[in-house]
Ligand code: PEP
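Next up is one chain by itself, shown in structure tokens, the form predicted alone.
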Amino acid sequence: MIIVMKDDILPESPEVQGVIQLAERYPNVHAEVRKIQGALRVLTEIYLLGSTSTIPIEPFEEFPAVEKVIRIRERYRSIGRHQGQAEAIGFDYNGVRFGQDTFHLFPGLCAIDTPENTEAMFRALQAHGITTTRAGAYKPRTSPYDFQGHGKACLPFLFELAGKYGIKVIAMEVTHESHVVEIRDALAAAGNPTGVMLQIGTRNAQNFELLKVVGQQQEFPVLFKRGMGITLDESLNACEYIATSGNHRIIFALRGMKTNLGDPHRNFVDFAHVPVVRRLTRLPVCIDPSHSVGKKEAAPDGLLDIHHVTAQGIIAGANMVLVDFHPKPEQALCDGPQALLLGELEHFVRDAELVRHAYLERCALRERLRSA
């Protein structure tokens, strides 16, 4: 059972303590209080755990400070929508708002290589008014002989250039808890010119200790990529590890499934699950067309497969797009064949905006017809 308090009722308030005292009168029940910092308001939720099936909701609804009481019927206690009863309030980070009603493009380098290429990428983003990007410093690879990323050595110039070109949020994969410390230290040393969204890559989707670590820290939001060979349910439960550890600022990313059913694409594109994740959870949903398709091939209409699958995700309601670009893909140290050129950035951006507008028009049409 979840008891949602009214606006700006903080966890330490006497109203919350009164609800807890009532809850703990029932046998085999204990309460956990969670504070969720949303984009527009602070939400305090009290989770009643244990034998709650016979607890009536009416005594809790009588508290003036209680907004509503939700009886949990789904597995995802912390991130779940609970049949539409739980609000998807979103969150703010470094001046950027993320939620199920927002839309952001994160074009960038799959792996950071040189300061020159990084600066060229950021200069192109600034020219198109984009303040969010991807950039990999730590790269888990299938083969131990492949490039593993420059690690903390590249963070100083990365963060300096991000500040120079107005980048507000960098999505960056971490594979070990020490990487979180390195990122925090490098940001502080640079004067915090930008922000970082910690990415849990598909290979670490069930690294439960790492999920707990990124959940226990409150400084950085988390971008969780669906596991390449596990079910959607297993991936959403992995997000529960992050949320129950304390960090509710999570974005769920779809990046394709590992199966030959998707051939000749690198992975089987799973963007039909965008509305499913939005329905089941409160989380904003990201798509990664680059790692889903894995190559630059054009359809007979002249549009790249990457453009087409991006459109499929956006038209279904995706809130964020993570996509690979590189000034010189032939020199890229990771996933060069799938990276788009900087000269193709304008087309990608304008095409994505066109499809997003179509999605909003679809939603508006539904509202008009329903009200009629």
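The first residue of the sequence shown is number 1, and the count goes up from there. Keep in mind it's a predicted model, so treat the numbers as computed, not measured.
Same protein, other form: the form predicted together with ligand PEP, not shown, and the subject of what follows.
The candidate stretches are 202-210, 269-277, 123-131, 99-107, and the one lying within 4.5 Å of ligand PEP in the predicted complex by heavy atoms is 202-210. None of 249, 179, 282, 255 but one reaches within 4.5 angstroms of ligand PEP in the predicted complex through a heavy atom, and that residue is 255. Just one of 152, 82, 139, 296 comes within 4.5 Å of ligand PEP in the predicted complex, counting any heavy atom, and that one is 139. Proximity of residue 173 to ligand PEP in the predicted complex: non-hydrogen atoms within 4.5 Å are present. Using a 4.5 Å cut-off on any heavy atom, the residues of 261-294 that reach ligand PEP in the predicted complex are, in sequence order, 288, 291.
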